[in-house]
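First, one chain by itself in structure tokens, the form predicted on its own.
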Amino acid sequence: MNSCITGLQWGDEGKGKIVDVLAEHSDIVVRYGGGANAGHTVVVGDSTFALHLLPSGSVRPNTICVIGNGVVIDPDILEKEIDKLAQKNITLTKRLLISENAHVVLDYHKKEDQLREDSLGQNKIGTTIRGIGPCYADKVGRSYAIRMADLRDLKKLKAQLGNIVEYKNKIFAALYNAEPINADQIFEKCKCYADKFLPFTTDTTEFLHKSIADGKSILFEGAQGCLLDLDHGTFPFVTSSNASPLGMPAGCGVPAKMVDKFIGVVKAYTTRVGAGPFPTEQDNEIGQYIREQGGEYGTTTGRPRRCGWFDAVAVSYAVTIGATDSIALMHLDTLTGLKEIKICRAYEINGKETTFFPANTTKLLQTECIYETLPGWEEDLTEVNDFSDLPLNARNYIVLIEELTKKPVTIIGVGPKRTQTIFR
């Protein structure tokens, strides 16, 4: 079976854990989009792995890991991730494949990201300053883009970088009065990247289609979440790639019809990092309680996440555009201790009730949430391993989520460890 795992909210849903758990039964795990702005956390025993570019299945020693063409690769961060795994005796030497068509994030992308955000002042988007947006912009612009395959011809690459850096320095000086960057320094780093990563670089699309023909089981891993999708999220407060399942075919070259099951991951509440509309946000003691109980601080940036109630309108929308088959509900244990728990079942916009999420910032800022209120629970959930052993109020909460999203909740997370997972 081939499966695709994506987030159904604004990212940080717990995809890393789900991919890691399901990777036990998969031959190959494919990361198909995003960049080092993603932070997928995997807990194995007493060890915690924060993965930004490597597929979350990489901690399983027998799983082949593929970084697809839709990913923008920061070689510095990728090298650090590989080294950290090696320190735990997890080697990727014979099981990591990197698409030759994946684009490379270089120092001038990060500088451009920082300068642009700083210039926006209070109107900044809230990026991670990892150079993701500028790299994707160069990809679309084509003329100033560098791909992994370009590392194979260093003489040609040096000339390319000379032209790119000359252009970038003109932009930096004219728009931001910023100091120039040095093309030779970037080229020297690229020579090191070539030595390090070319042994892994190949045509991953060909590899994946051959693997499918051979009957291999493939797990496709998305980054961020559907509501951050460039085309279908809360634009402009989104990421720079198609973070929904709609980005999977383009991000790795495998048609969606070759995927047997799409699993959407959600938290039992909602979080968001950075700016942008957030209808169910609780900027109060409830939000703070959720933040502290759930450890809601960014894996990539360390920034405190905005927290709020579960938004069934937003999740139902993500389910719809992603053709989601089932839901993995994470962080249920975080809600323990709340006397009442709310779920947004509908929006009211300009006096009209709707249950369809308007992926439009202006409309969302005019939204009033219509809530269902349920009694909470006090029982510790972290040792529960069967749905029937959950407190009645927790089970009722899950059932209501199923009714509102019209999809079954088949996986429930009650803690960060692999074993703290309930399968239905």
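All of these numbers come straight from a predicted model, not from anything done at the bench. Note that residue numbering follows the sequence shown and begins at 1.
Keep in mind that the form predicted in complex with ligand GDP is missing from the display, and what follows is about it.
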Within 4.5 Å of ligand GDP in the predicted complex by heavy atoms, the stretch out of 64-72, 37-45, 389-397, 368-376 is 37-45
In the predicted complex, does residue 111 have a heavy atom within 4.5 Å of ligand GDP? no
According to a 4.5 angstroms non-hydrogen atom cut-off, is residue 334 in contact with ligand GDP in the predicted complex? yes
Whether residue 218 contacts ligand GDP in the predicted complex should be assessed with a 4.5 Å heavy atom distance threshold; does it? no
Can you work out whether residue 414 and ligand GDP are in contact in the predicted complex, taking contact to mean some heavy atom pair no more than 4.5 Å apart? yes
Heavy atom within 4.5 Å of ligand GDP in the predicted complex: which of 345, 305, 116, 232? 305
In sequence order, the residues of 1-28 that place a heavy atom within 4.5 Å of ligand GDP in the predicted complex are 12, 13, 14, 15, 16, 17
